[in-house]
Structures are given as C-alpha cells and as structure tokens.
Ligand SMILES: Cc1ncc(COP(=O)(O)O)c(C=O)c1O
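Given next, in structure tokens, is a single chain: the form predicted alone.
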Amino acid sequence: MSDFSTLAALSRDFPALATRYQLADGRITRRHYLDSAASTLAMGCARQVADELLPHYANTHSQAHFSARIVNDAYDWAHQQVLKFTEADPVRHTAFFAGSGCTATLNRLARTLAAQRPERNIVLASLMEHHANDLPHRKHAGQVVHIPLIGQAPALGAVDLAALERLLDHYRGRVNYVAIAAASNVTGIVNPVHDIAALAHAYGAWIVVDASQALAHALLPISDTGAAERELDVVAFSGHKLYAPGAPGVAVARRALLEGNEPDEVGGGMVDDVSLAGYQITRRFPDREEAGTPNMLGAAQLGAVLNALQRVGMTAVHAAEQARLRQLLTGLAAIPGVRIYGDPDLDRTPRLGTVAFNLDGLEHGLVAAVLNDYFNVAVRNGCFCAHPYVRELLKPELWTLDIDPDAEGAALRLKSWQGMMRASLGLYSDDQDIAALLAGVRALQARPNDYRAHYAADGEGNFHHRTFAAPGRTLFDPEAALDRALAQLTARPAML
C-alpha cells in the first residue's frame, strides 16, 4: 500500500471536471457539477484500476486459467474493501453486490426479511426516505408506518426518536425492522442511525440503513461504539453515488439474517450441486447471495474508490465538505427570497453536503434551466424520488397558493410549484462551483422577468429555452463516437 494521503490531489482526480459546454449567451465555460446526490463523477484512479483489469477479463467461479484467477482475486478484494470501509466483522458479516444501485439490494432484503418473520408484518420507515427505501417495504414487507420528524415544515429535522419509541411500543412484537436513511437525499440531514439501532433492538426489531447519501461524505461504521446493541443489521448503498458510476449496488448484512434461508435469487454460482430432483445451495458467502455473472469491473472500480478514500481518511473528507457546506448555506441564506428546506442549523441538526432550496415567485424548473443555460451550473429540481418528504417540506407554501385544483391548467401549475432545487456537493466541489451557483441565483432574483421571457413551460413543468437548444444527442452522439473509433481501428494497419 502506498503512503498516498493528499485529499487535495484526490479531489482533482476526476476527468469529468474538464467538461465544457457552450451556453445560451455564446460563452463556452467549465461545467459546475452540483448534482452529486443523484450520481457522482468517476474517480480517475479507480477507473484506471478497472481499465487495467479489463485485459484480464474473464468470468468468476473458476481457477482453471490465469485470467479467471486474476478476476476472482480482484472481485474478492472488492468485497473486502466494502467490509473494511464499514468496519464490519468479516466473520459475522457479509458484503454482496446486486443490480445497479441499492434499489436492487433493498428489494431483495425486503422480501428476505419478510419471509424470516412473517408474524412481524410492520416496518417503520422515516418520512424522509427515498422511494428505494420505502416502496420495496410497502410491496414486500406488509404494512409500512412512517416515523415523523423533529420540528415543523419547512425546517424539519431528523427522525423523532421519541415518536419512534412510541411506535415500537404501540406495535410491540409486530415490527420486523426499521428502514432508515443515514442521510436524506433531499436535505442531507443526518439521522442518528446507531441510536435508532439501539431502540429497535430493545424491541426485538432489526434496522436496515440506506447509506447511499452518506458513505461518500462521512464515516459510517456498522457500530459506532462496538456494542452489539448499536450495530446496524443491514447497510445498503449505491456505487454510482460513491465515485464509481457503473458499479453495482451493495449490501453489508449480518450473516445470521441470511443463513438457513434460501436466497431470494437463484441461478448459477450460488449452488454446490444441481440434479433433476433438486439443488443444493452453497453455504459460502457471498456466493450464495450473488446468483449469475457478477459485475466484476464495476465492483473492482468501487473497491478502488473505497480503498483510496480510506487512505485519505473519511475524517478529512468530512471536515473539508462541512466547510464547503457552511459556505453554501451561508451564501444562499444571504440572498433575499431564497428559502432553504430542512433545519439549516448545522450545530443543532447535522447534515451532509446537500441543500434543497427555492426562490420566491420562481418555479423550480425555470431556476434549474436558467442556472444550466446561462451559468453552466448542473443542479437537480423536482421531488428527487422522495415525494412524501418534499410535499411535507413544501406544505406551508402549497396551501397558500391561490390555485383552484379544478380549474383549467391547475395541474400544470401544481406540478411547476410542487418541487424544489437541490445543490449537492462531492469530493471535487470547490469555491468556483459555489460562486457560480450563487451568482446565478442573484442574477435570476435581480432580473426574473428578463430570464422568464426566454422560456416556455411544457406539460411536465420543465422549462425550455425558446431559441437556444442543446439536446443530449448534439453534445454526445454514441453512433458518431463509434464511427470515430472504427475509423481509427481500420486506419491502424496503414500506420504500422
């Protein structure tokens, strides 16, 4: 292992930071990527690991030839990095990969845990959950009861622990598990997941944590003190939110939750023997949980990211982001007419690098379009796959809108206003990114009608520039890219 420990160097190791686009006013500028809560950019050194593995590519579950051995070792190494990153005991815990995000792992776990204890048909999920950690439990796990949050909208805080305990007591003996986000994908607000684990365990319930919005930003150990009662039973996350686009979804789980039960998915690689009369599932972890051909390259890339972050230290990563987050919150709060959602007091309510906001009198779709077209600031707008949470945050505003729901065009107006902006930070976010966002917000606040005149809204609440168009196919044409690659391929013999 090298002695690499420079956070500044790693934060610039993202090839996509050089991406430039032409704007509506003709300027060509660098993109300011503030959409990391949706997907992060690719870490260069980790991508290089996957690229160096590619010449050795072969399938797993064999030691017959050199390439198979190499890929098996790399794939095993990726699992080890997951366990080390979450400080999970490799004897008591397993890490397995599935799908292209934590949605796949959470659906599987919802089915598996529901089958474990069918008499416990209640799942408690927080009001702030992403659909990925809400809908699978609704579909597979019986009744979902939502846990309220501290405070009042729009300044809602973390999960209300007193309310959680009341629910655990009310449904005593019926709660199978608590499904909770380590941090909100809308506001970045952090939940005290280890405190929640201790509460859940006291009532015989398990805890399933969606860590997709947390692990790129802060350390999240399986147990914060080493005590079993504060241990997280399951941690799920997505590699594409951890600087490894194309990586699979991940779950870290106590083996005892999975042992003795048939895995939710069956197929090649997870059996020891198959006959016409039946099949024998392997007892080996994680093989039994990973039916089929795995995403070896994506897993290796994710393993490299986790290893690189451990070398730098998540304490340093978190401290640097918190400084940037305070800068962003302070800058937005200083602009008249900006409304920030979620409790903005970082000392009272910790949050990670995500801020949701709106501008008085301006539709979120218009703001997002202007920021992109004139300032090259990439942010996301809408409800962020967390509709109940966003509606709760917006409730005071929605009720004050002078809209007749039955009037013609009311649906469009509601769609245009029922959402918000979200700026989210990554390891690579810098002062220039925040300055560009704040400059765009100030300019839009100063001349809203001038900008609005350039746009028309569609039936989905999106705003399109009347004269400037930059559809994705004009910026990147996959067939044209293939044409260039094939041209280079056919030209090579003449160059030799």
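Since the structure is predicted, the reported quantities are computational estimates derived from the model, not experimental observations. So that there is no doubt, residue numbering starts at 1 and follows the sequence shown.
Missing here is the form predicted in complex with the ligand; even so, the following discussion is about that form.
A heavy atom within 4.5 Å of the ligand in the model of the complex is found for one listed residue only; from Arg351, His140, His240, Arg120, this is His240.
This chain is displayed alone, yet in the model of the complex one of Cys102, Ile196, Ala304, Val234 has a heavy atom within 4.5 Å of the ligand; that residue is Cys102. Taking the partner from the other structure, the ligand in the model of the complex has a heavy atom within 4.5 Å of a heavy atom of Ala132. Asn191 falls outside the set of residues with a heavy atom inside 4.5 Å of the ligand in the model of the complex. In the model of the complex, at least one heavy atom of Ser212 sits within 4.5 Å of a heavy atom of the ligand. Within 4.5 Å of any heavy atom of the ligand in the model of the complex lies no heavy atom of Ser424. None of 367-375, 290-298, 256-264, 94-102 except one has non-hydrogen atoms within 4.5 angstroms of the ligand in the model of the complex; the exception is 94-102.
Counting a residue when any of its non-hydrogen atoms is within 4.5 Å of the ligand in the model of the complex, the one hit in 32-52 is Ala37.
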